[in-house]
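Quick heads-up: it's one chain on its own, the form predicted on its own, in structure tokens.
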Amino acid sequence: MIEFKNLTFKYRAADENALDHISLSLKQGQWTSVIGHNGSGKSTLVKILMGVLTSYEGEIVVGGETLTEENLLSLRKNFAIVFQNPDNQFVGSTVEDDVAFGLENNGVEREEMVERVEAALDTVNMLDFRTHEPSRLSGGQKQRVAIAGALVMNPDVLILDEATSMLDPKGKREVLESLKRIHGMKETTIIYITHDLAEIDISDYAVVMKDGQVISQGDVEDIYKDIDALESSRLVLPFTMAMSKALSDGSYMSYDELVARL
């Protein structure tokens, strides 16, 4: 679905590259989590993909087509992004008005708009809140509305850039459960940007970044097994992983295996 080929980028005021010869392939329909500490380059990768940053070296291929200034807008129509602060994305006075905003801009007929808004809100379990003001919702509810606003556009690629970083544990669970439901229902390609190792276990594939480079990638279980690489990336180990390391030779144990060991 998406290929990054030898991608390199440096901010004007920086001495080092923010991205340093990144090569990466993301499969269609796959949930890929990109994880790294602040400054690792994961958000820069997304900004380049979305066309926010353009002065890069290398190549990006989307659906077999090389991304250029000429085709950027047409290819971006297949992408939707959700940021870490949903309040920055709200424009409607009610939940349903906000979710419908993108459809209104595209001139979608009202009957179709109503159906698509209801379907998107139902997918994230927010249909009962359709007439509520977004500002009065909890953090997790706001983020689910933001996700509905992205889903209603029927994107091929859904990008979430630190979408749970401002939420409490309950809000994080709500958002992750909604995303898991979406991924099970649709063939949407999900790119999930995070610094929290505990959030990647439901993804299909994981990419670990450090100082603008990919230092590890593969199935989540394989990523979890390389605890030394994760610690060298300055990532905080989840409790079960830290306990696994303390109790064994450093190999990864699942939650059930850890309970049995204890």
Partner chain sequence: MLSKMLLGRYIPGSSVIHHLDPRAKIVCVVLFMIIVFFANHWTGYLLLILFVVSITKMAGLSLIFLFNGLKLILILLVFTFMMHLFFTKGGIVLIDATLFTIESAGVVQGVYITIRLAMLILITTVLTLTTSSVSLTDAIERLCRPLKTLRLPVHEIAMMMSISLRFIPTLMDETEKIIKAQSARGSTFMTGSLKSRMNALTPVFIPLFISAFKRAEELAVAMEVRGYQGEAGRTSYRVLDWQYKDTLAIITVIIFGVFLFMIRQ
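Numbering follows the first chain given and starts at 1. Note that this is a predicted model, so its numbers are computed, not measured.
Just so you know, the form predicted in complex with the partner chain exists too; it's not on screen, but the next bit is about it.
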Which of 213-221, 25-33, 44-52, 60-68 sits within 4.5 Å of the partner chain in the predicted complex, heavy atom basis: 44-52
Distance check, Asp97 to the partner chain in the predicted complex, heavy atom within 4.5 Å: yes
When the contact criterion is heavy atoms within 4.5 Å, does Glu187 count as touching the partner chain in the predicted complex? no
Would you please decide whether Lys180 lies within 4.5 angstroms of the partner chain in the predicted complex, comparing each non-hydrogen atom pair? no
Quick one: is Asp156 in contact with the partner chain in the predicted complex, heavy atoms, 4.5 Å cut-off? no
Heavy atom contacts to the partner chain in the predicted complex at 4.5 Å, residues of 84-99 in sequence order: Asn85, Asp87, Asn88, Gln89, Phe90, Val91, Gly92, Ser93, Thr94, Glu96, Asp97, Asp98, Val99
